[in-house]
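Only one chain comes next, encoded as structure tokens, the form predicted on its own.
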Amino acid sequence: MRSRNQEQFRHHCIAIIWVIFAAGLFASPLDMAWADEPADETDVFTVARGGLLYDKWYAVMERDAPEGTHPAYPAAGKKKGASTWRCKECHGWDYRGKDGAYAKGSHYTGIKGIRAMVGKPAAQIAKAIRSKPHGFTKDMISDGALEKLATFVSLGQIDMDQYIDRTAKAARGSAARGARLYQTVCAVCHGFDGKELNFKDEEKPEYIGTVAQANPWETLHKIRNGQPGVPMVALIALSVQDQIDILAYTQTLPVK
């Protein structure tokens, strides 16, 4: 087993590798909600940071998880506690809520997604997040973090139905091309076979391949924006097709 310091060092190494890798090999334009208009570096950071907040804002801000279930979480929902305060829990990894992958199953809430917010002013979105039924106060999400979250909602979404077959859960990408990207970036932490990091335990292991096959929408969101609470690199600066190719390759990796 690796020590905590070794794990932290490994994560920092991949961040450094990514800077070199991206600067030297990938100068592709961003493919986000602003279509062909490229964003500057600040926009990229803001959007990716907002994507992390959408995932699990309290982990990003290093705060204790909220106590109790969110007041607006539907009674028919199957979740309780801190998870109900995460944006993704109601609006989904594919941002479609009740009309997407969360249309049924243990995460169903009947709440609509956020696709209609694409391109809307960040200030308008931020106001909605502060207001009921969301009700996120400044003590929960600071004004600076709120701006990043709102910017992600406006500019950081992609139409995942274009890139992932919802029924088959299959990425519409090239696994062969994705292998080159994965093996030179992602494998530093996840391992060449994807089994270096076990997200659960030895009795019921969960690797990148496990998640990619079961929940490709979550995997794609994290490929683009990173993982809350750890210095995982965000690959949002790559083209969406690059990201989909990486996803396609991770779906070929071992699940156990």
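Start at 1 and count along the sequence shown; that's the residue number. This one's a predicted model, so the numbers in the text were calculated from it and none came from an experiment.
The same protein also exists as the form predicted in complex with a small molecule; that form is not shown, yet it is the one meant from here on.
Enquirer: Should residue 223 be classed as touching the small molecule in the model of the complex when contacts are defined as heavy atoms within 4.5 Å?
Expert: Yes, residue 223 sits close enough to the small molecule in the model of the complex that at least one of its heavy atoms falls within 4.5 Å.
Enquirer: Answer with yes or no whether residue 219 is in contact with the small molecule in the model of the complex, where contact means some heavy atom within 4.5 Å.
Expert: Within the cut-off, so yes.
Enquirer: I'd like to know whether residue 116 contacts the small molecule in the model of the complex, with contact meaning heavy atoms within 4.5 angstroms.
Expert: Residue 116: contacts the small molecule in the model of the complex.
Enquirer: If you check in the model of the complex, is residue 49 within 4.5 Å of the small molecule, heavy atoms only?
Expert: Close contact is absent here: in the model of the complex, residue 49 is far from the small molecule, nothing within 4.5 Å, heavy atoms only.
Enquirer: Give a yes or no on whether every one of 45, 145 and 175 sits within 4.5 angstroms of the small molecule in the model of the complex by heavy atom.
Expert: Not one of the three qualifies.
Enquirer: Which pick from 101, 87, 158, 122 sits with a heavy atom within 4.5 Å of the small molecule in the model of the complex?
Expert: After the contact test, the surviving option is 87.
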